[in-house]
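Form predicted on its own, single chain, as structure tokens, below.
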Amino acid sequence: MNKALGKAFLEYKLLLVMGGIVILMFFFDFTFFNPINLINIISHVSINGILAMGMTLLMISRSFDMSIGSIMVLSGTITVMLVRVIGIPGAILVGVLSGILMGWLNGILVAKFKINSFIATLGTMVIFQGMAFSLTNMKPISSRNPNFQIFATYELFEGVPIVILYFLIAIFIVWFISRFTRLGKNAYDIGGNMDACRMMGINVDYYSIVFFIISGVFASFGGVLLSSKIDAASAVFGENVGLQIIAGIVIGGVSLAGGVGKVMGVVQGIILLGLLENVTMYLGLFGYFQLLFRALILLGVVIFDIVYVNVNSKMLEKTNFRKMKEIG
């Protein structure tokens, strides 16, 4: 029973942290519980959440994509520029599909040229951002078409932004892949032991490229949504996005060593980051104090997780040792 409770605690610890934060906010500012604010939190994290969903399988397979922020801004730039040329549907389609090419390039560099994924995507990050700077002449650009914004700002039901629906669809797609497909199973296997997978005949290079393409497509879709939401594109919009996404994924339980992690854990990690950002605004914290507050909360979650796992492991070792003595 204790083991089951411990497993459940580890799986839903971020929900408990978020619940604690929400309860504390009840005493600081009751207006925090305005339904509009709660919807805004989910809406605000939806685009980053889509990017995180795209990179989840990639990180489970023990690779990184530091270029997703640059993929996002370049695809958004391409979309905005094409709206006046080929129309809104065509521009959106080309913008999303551009992520296939950028993801494929990252995959080729890592899988075929055997370049470390961090280094390879750090290089392509600069390339893609440089292309965005070149296309925009280092200035924000606009489609000047109000209908373009409908793609990201249309509201469902009573004021629920459509970007939340896109986020939910992204969650379902990656969850389904991770649970019920060979592609998802191989992500865990490759992340757990790449050499063993090669010996078993699994085409590791092929799957690695596919995971990079998935990450690229989700990032480009996020870029199209961002450019549609504000009807603008700029090469500076994607700065530090990669680090934020990786932080949310790791906090959500995906191991940096690969082979471990769940989609719903990543969802919790991304929402926690959005909740912390919203809370700091309600508390009137800005600049350094805002960053400090968020860092302390996140460090607390990670440290508690590490301590809990270590204590649990030691207790398990003692139990096994006691059983061995009884048998002996």
Partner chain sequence: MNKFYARFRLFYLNNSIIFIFIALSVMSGILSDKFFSVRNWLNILNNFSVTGIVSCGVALVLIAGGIDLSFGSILACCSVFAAFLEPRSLFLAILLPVLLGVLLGLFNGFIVAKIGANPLITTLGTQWLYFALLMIVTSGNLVQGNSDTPFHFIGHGKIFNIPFPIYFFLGIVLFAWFLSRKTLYGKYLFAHGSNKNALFCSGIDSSHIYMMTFAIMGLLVGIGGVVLSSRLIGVRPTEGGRYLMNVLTAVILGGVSLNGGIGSLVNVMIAVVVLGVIDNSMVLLGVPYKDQQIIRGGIFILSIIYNNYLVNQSEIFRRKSVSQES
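Residue numbers count along the first chain shown, from 1. If you're wondering where the values come from, they're calculated on a predicted model, not measured in any experiment.
What comes next is about the form predicted in complex with the partner chain, which is not displayed.
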Within 4.5 Å of the partner chain in the model of the complex - does that hold for a heavy atom of every one of L82, L168 and F180? no
Just to confirm, R144 within 4.5 Å of the partner chain in the model of the complex by heavy atoms? no
Does any heavy atom of G90 come within 4.5 Å of a heavy atom of the partner chain in the model of the complex? no
Evaluate I209 for contact with the partner chain in the model of the complex, applying a 4.5 angstroms cut-off between non-hydrogen atoms, and reply yes or no. no
Within a 4.5 Å heavy atom cut-off, is I36 in contact with the partner chain in the model of the complex? no
Among L156, M199, M138, I86, just one has a heavy atom within 4.5 Å of the partner chain in the model of the complex, namely M138
Only one of I100, I150, I115, V204 comes within 4.5 Å of the partner chain in the model of the complex by heavy atoms, so just point that one out. I115
Choose from 210-218, 187-195, 118-126, 90-98 the stretch whose residues reach within 4.5 Å of the partner chain in the model of the complex, heavy atoms counted. 118-126
Taking the partner chain as it sits in the model of the complex, which residues of 242-265 have a non-hydrogen atom within 4.5 Å of it? Please list them. L243, Q244, I246, A247, V250, L256
